[in-house]
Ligand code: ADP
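One chain comes next, on its own, written out as structure tokens in the form predicted alone.
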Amino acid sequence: MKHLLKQYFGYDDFRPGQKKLIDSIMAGCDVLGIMPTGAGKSICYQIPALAMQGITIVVSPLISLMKDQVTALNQAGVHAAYINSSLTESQISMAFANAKKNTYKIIYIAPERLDTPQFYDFTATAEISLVAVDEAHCVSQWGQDFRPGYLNVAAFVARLEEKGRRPVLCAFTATATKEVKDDMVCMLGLREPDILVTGFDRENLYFAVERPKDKMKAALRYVTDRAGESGIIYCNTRNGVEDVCEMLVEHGVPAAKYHAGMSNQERMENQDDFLFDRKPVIVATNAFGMGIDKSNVRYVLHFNMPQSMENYYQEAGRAGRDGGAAQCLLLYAPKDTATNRFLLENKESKKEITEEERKEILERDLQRLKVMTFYSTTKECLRKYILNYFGETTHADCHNCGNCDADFEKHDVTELGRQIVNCVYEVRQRFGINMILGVLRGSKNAKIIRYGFDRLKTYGKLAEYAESTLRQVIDALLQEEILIQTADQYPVICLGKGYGKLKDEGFSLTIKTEVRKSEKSDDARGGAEKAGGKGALGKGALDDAGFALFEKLRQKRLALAKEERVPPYIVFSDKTLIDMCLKQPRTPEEMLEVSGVGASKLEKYGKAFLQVIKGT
């Protein structure tokens, strides 16, 4: 297995978890691998595919993912193909004809294609030894990216089993709650699978949340501070994408845009501009990115809060796939919650469902939104919050996120909490946050006067406190479940199951406020020192001559990529170029010692890069 890894991919050893899953597959066991983005999930099925007799079928959800993976495999010397709607019918027929001749070792296919006559005809005689399901969470209706086509996988494997040739079945995803994990095992038909969860932590990612007064200015500062670096900016709406991209372009930032309202051709052109580094920044809705294997994304900026932690972590995880330091910044505003709620309540269902199922799905979506809102407002360690959500319990702060780096001061707000709870009780648990704040701060709002709330004991009781402070206290009460917010169209604040905590003499409710506004917060730069400049990816280990060589190697890579019509990172990653600078190989044998250089790429590109190194 290590020989294959070195020969085709240029790596000397496996990453954590890869060898265990590979051994299980080679032993004929079904497997489920839950591994963070960038952990090398594809290697777990690509190496067995090379070692086993027959063909490996990879079920993959997005055209861009297939194209990327197949291009990389062919560059590495592995014959691979993809079959999806981007091909013409004649191209699809030719691909199947070549597949019948055993031309390909690995075939990527869209899940919907599993249930077509051409695929039936191909699989009737083909020797299929392994079926790998990528982005396997798409099979779960409770997941965020449910694809009905994934339900074809179990039926496809069952058809092969009826003919006495069931392949090994393996499934992979980056994030999954317990519900989604159980769904994957059941709906895909995995048999007593070896399940490996390598952990959800991405140590190279720096997480931060900022609440700037002007998001546009904050985003512009953040991007211009990282001029030339590759980054993704996510917006919740198409209009948001248009506005942010237009603003960046007006200020000289080479940015592309991507959303579902654009034509397929325009989306593909813009995506290629980003992948080929012609435009290092792309502004997009969540329609962009799943399966994008661009290794040198140095930051992911969320202009709006996503609808769930699953969405956020998957999107943020597109930064730093090469293992180098990268940043994940979320710009939060309270109205993000209301916008997301509106989008969830009005989203179109992906399948026919009953009204009862619709309500249940909405309730779960709103619960996920609440979790995401807590993340955006907490002053606790952000990494710990994420890991705990995915079931990886940790009590230690990471000391590598925006909250851990900030200077906070704790305040006991137990008495404020009691007054807020009393107000909720006095208004008979029938109103939302704005009404409660209005009563507590003594507002003369006509609605308050009409209801007679100006005669309540709690009216004006907390008038001296800023609204932002009281909102923070309410957030703390919600997190402690002393209060709850209903999932109605107009959410109401009610007493929660944790209400009794306030009667406990040993209980104290605390909030954190920032002692001083740091430069990082002011410029939305959280962790810039940790995730940028020459220190990223280990460039800090290079002296001036080494850094100059790195730039020459980048130019050579770009020229070769243009000739081959592939993204530069498909030729070699930045990490491989840096290793070249550190080792400075002078012979083909020495070049093979560079991480990421395999036999096929040595034959294709070795001479060109050795000439650059020798010329310095």
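Numbers for residues come from their place in the sequence shown, where the first is 1. None of the values given here were measured: they were computed from a predicted structure.
Below: the form predicted together with adenosine-5'-diphosphate, not depicted.
When adenosine-5'-diphosphate is considered in the model of the complex, only one residue from 322, 183, 336, 210 comes within 4.5 Å through any heavy atom, namely 322. Exactly one listed residue, out of 591, 55, 31, 39, brings a non-hydrogen atom to within 4.5 Å of adenosine-5'-diphosphate in the model of the complex: 39. When adenosine-5'-diphosphate is considered in the model of the complex, residue 365 lies well away from it, no heavy atom lying within 4.5 Å.
Although the partner is absent here, residue 605 lies well away from adenosine-5'-diphosphate in the model of the complex, with no heavy atom inside 4.5 Å.
Residue contact check for residue 15: one or more of its heavy atoms lie within 4.5 Å of adenosine-5'-diphosphate in the model of the complex. Mapping the unseen interface onto this chain, residue 43 counts among the residues with a heavy atom inside 4.5 Å of adenosine-5'-diphosphate in the model of the complex. Of the candidate stretches 86 to 94, 488 to 496, 314 to 322, 275 to 283, only 314 to 322 has residues whose heavy atoms lie within 4.5 Å of adenosine-5'-diphosphate in the model of the complex.
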